[in-house]
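To begin, one chain is listed below as structure tokens, in the form predicted alone.
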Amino acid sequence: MAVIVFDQVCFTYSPKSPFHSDALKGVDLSFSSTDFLALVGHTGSGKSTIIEHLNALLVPTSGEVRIGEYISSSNKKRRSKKLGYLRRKVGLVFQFSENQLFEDTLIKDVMFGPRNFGDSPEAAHLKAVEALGEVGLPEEYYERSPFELSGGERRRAAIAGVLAVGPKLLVLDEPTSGLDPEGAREMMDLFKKIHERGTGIVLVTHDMDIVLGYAKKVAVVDNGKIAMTGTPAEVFSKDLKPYGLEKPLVYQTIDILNAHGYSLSYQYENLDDLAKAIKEGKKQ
């Protein structure tokens, strides 16, 4: 599953009905399964529709998505039948994923995914324990009801349930939504650690500061198409107002300083680094 390719992907909700809506209009996008990719764009731009194609919750109305050995295509003769392969390789964490918890104990909830894919109870338990350790939920929580946990702990439990399956690509839809700044930072640090061990990340978020701090590649989605791609520095150096986006706070600060005589480049990822550079008298 080295490369994921969207080739002229179009998708229409409720075709030939009064609710007809063309959500994707020829999406061309390729990235590595080891990338940390952020999808950004205004509400309704098509971001969530794109990620739901990554594990075939949606199938293109026209065009094709190729994910390793799996092909999701409008052409039924081209479409792969290995849906189980895809669902195991691509884990999707929905916004407010904690609402997906349902078992009477935490350990059973996290074991559900591996058991659903045919693992023995013993193997599923081992994978659940490993995943729970990765998200920072200790052993004394295992026999608790997931509904007794705090909101942040429940979200970690839901993420553990996805990680226990062992995905090669983790797809995250607004994972920090509703969290306080410290909780959001802890959540993103968790995903950074998961990425560093070799799991690819696709992140949908409206927080450009998070994108700058964590993503390695950015794709701007606008009106059902990919408007631009690049590194965070490349994308955020452009005018983003036509796409309903704001630059990260540190880039906004650099723009203000440059308007007052500085010549700072977009090499700083946070305000602390920028402040140190200014203190040291750097203007480049």
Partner chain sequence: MDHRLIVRAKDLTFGYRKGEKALRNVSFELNQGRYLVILGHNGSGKSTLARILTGLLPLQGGELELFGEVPTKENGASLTRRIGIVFQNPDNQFVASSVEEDIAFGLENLALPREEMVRKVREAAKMVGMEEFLNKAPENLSGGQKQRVALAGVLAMEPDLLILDEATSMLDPKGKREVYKAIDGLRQTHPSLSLISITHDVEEALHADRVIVLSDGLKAMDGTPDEIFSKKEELKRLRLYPPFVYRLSSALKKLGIDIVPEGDLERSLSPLWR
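Positions refer to the first chain, counted from 1. The structure displayed is predicted, hence computed values, not measured ones. For clarity, a rigid core is taken as the largest C-alpha set superposing within 1.5 Å between two forms.
Not on display, but discussed next: the form predicted together with its partner chain.
Peer 1: Are any of the heavy atoms in Ser80 no more than 4.5 Å from a heavy atom of its partner chain in the predicted complex?
Peer 2: Output for Ser80 is no: heavy atoms all beyond 4.5 Å of its partner chain.
Peer 1: Could you tell me if Gln267 has a non-hydrogen atom within 4.5 Å of its partner chain in the predicted complex?
Peer 2: Taking the distances in the predicted complex, the answer for Gln267 is no, it never comes within 4.5 Å of its partner chain.
Peer 1: Would Val250 count as touching its partner chain in the predicted complex under a 4.5 Å heavy atom rule?
Peer 2: It does: once its partner chain is placed as it appears in the predicted complex, Val250 has a heavy atom within 4.5 Å of it.
Peer 1: Determine whether any heavy atom of Thr12 comes within 4.5 Å of a heavy atom of its partner chain in the predicted complex, and answer yes or no.
Peer 2: No, Thr12 sits far enough from its partner chain in the predicted complex that none of its heavy atoms falls within 4.5 Å.
Peer 1: Within 4.5 Å of its partner chain in the predicted complex - does that hold for a heavy atom of every one of Ser21, Ser150 and Leu271?
Peer 2: Each of the three qualifies.
Peer 1: Looking at Gln95, Asn116, Ser74, Thr105, which has any heavy atom no more than 4.5 Å from its partner chain in the predicted complex?
Peer 2: After the contact test, the surviving option is Gln95.
Peer 1: Between Gly166, Gly178, Gly213, Gly133, only one gets a heavy atom within 4.5 angstroms of its partner chain in the predicted complex; which residue is that?
Peer 2: Only one listed residue qualifies here, and that residue is Gly178.
Peer 1: Determine which one of 105-113, 158-166, 118-126, 141-149 lies within 4.5 Å of its partner chain in the predicted complex, judging by heavy atom distances; exactly one does.
Peer 2: Heavy atoms within 4.5 Å of its partner chain in the predicted complex occur in 141-149.
Peer 1: Within 4.5 Å of its partner chain in the predicted complex, which residues of 201-228 have a heavy atom? Give them in sequence order, or say none.
Peer 2: Stretch hits: a single one, His206.
Peer 1: Quick one: core overlaid, is Gly152 moving 2 Å or more at the Cα between the shown form and the other one?
Peer 2: Yes.
Peer 1: Once everything's superposed on the core, is Leu137 shifted 2 Å or more at the Cα between the shown form and the other one?
Peer 2: It does shift by 2 Å or more.
Peer 1: Relative to the superposed rigid core, does the CA atom of Asp207 travel 2 Å or more between the shown form and the other one?
Peer 2: It does not reach a 2 Å shift.
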